[in-house]
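As a starting point, one isolated chain is supplied in structure tokens, in the form predicted on its own.
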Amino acid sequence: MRPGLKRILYVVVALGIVLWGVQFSLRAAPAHPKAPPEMPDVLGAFGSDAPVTSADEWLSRRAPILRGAFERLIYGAQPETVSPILTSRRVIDDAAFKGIAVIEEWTLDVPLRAGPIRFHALMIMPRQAKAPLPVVIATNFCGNRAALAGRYRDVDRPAWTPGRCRTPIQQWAAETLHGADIIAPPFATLAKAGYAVLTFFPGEIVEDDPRLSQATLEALAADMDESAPKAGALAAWAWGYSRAIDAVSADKRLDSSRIALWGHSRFGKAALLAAAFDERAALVVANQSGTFGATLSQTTRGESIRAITRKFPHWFSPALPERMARREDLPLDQHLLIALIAPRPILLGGARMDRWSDPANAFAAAEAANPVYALFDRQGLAQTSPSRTDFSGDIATFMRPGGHGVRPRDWRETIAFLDAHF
């Protein structure tokens, strides 16, 4: 690239960053939810199902009904598949990050009727920590080679990546806009804290593209009952988290009772969905997950149901028409998804300038799930506002300065929450 053209490109990117910051500063996220949000009573009657009065009734009766409703009305069903086959596991670096960790690359094949889905995962394990290790399953946004900053050229690079990932300049712009940790988790920091990390790129399972994703979603549908609602990408990515749990649970070096799921934004939605449907996830962190993640969809002051389904139709089941923006057509809200994770710990991350994901109404959703945690004699949300973080409860939220993205504060809070509950 010619020097003059390169300078112009950097000026355009810098101007974009400034404008991005200005527009978020003009619409900072409210500190409190709309008052009071109307939502279905988490323990009350749901359709023809009578009110719930015990943990046994919740687990045996209400939870299956709610999972079915979320599948039917919003996300679609996940394929019924066997565990993935670990076709290869090789050491990439046995003394990574100045000797504190080992990096392995895993290749996983999930058998399907239409042919196996193959995806790759990186396992980063601290060298000095005592096995079996607690493990964080964290998605990444640009593929595993990019997650390692391109230092290892023999690490697999996915066939498809989003536009923000395709060149070093685009990756630099993504990190400048959305934080130094947007491309990948801080592996060295987690290893020093004693946690193993398994990371994978969900775009290997289903492309985050409304056109390209259709063939992959059809292949997944072939492994479902014909009457099941077709999966959207969020359900497929949640299914990917569960296949990663399969792989982690089979490794004796890792503690299958201490598996945490971590996801940001769209992958925060998928992480919550995975934890709601897969009880092997012992803890979940959803960072700025927004509408159809942790935030109440019916009362949000951020991204509306209409906006998200128009921009990302492939994320959802085709059974989610726009008319469901009305309360009578969508008898669910996200506090019920959060409640399905009870009594396991949940951390919800927010940012003061991120109105689009509306952290105040994520707090309201978490608060509304408290009665289900009480059924299990557990403390749900112990804090009184989104920013008064209290890890003594099994649900916690935090609010940091800045906008939508992944920054060191997000991971500091995550590690503190993991330490408190693991």
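Start at 1 with the first residue shown and count on from there. From a predicted model like this one, the values you see are computed outputs, not experimental measurements.
Only in words, not in the display: the form predicted together with a small molecule, which the text now covers.
At least one heavy atom of K311 is located within 4.5 Å of the small molecule in the predicted bound form. Although the partner is absent here, R243 is not a contact residue: none of its heavy atoms lies within 4.5 angstroms of the small molecule in the predicted bound form.
Using a 4.5 Å cutoff between non-hydrogen atoms, F46 does not count as a contact of the small molecule in the predicted bound form.
Although the partner is absent here, H335 lies well away from the small molecule in the predicted bound form, with no heavy atom inside 4.5 Å. Only one of 247 to 255, 69 to 77, 89 to 97, 301 to 309 lies within 4.5 Å of the small molecule in the predicted bound form by heavy atoms, and it is 301 to 309. Listed residues R352, H120, R145, R266 were compared with the small molecule in the predicted bound form; R266 is the one with a heavy atom within 4.5 Å. Proximity to the small molecule in the predicted bound form, taken as a non-hydrogen atom within 4.5 angstroms, holds for one residue of W239, W315, F201, Y195, which is W315.
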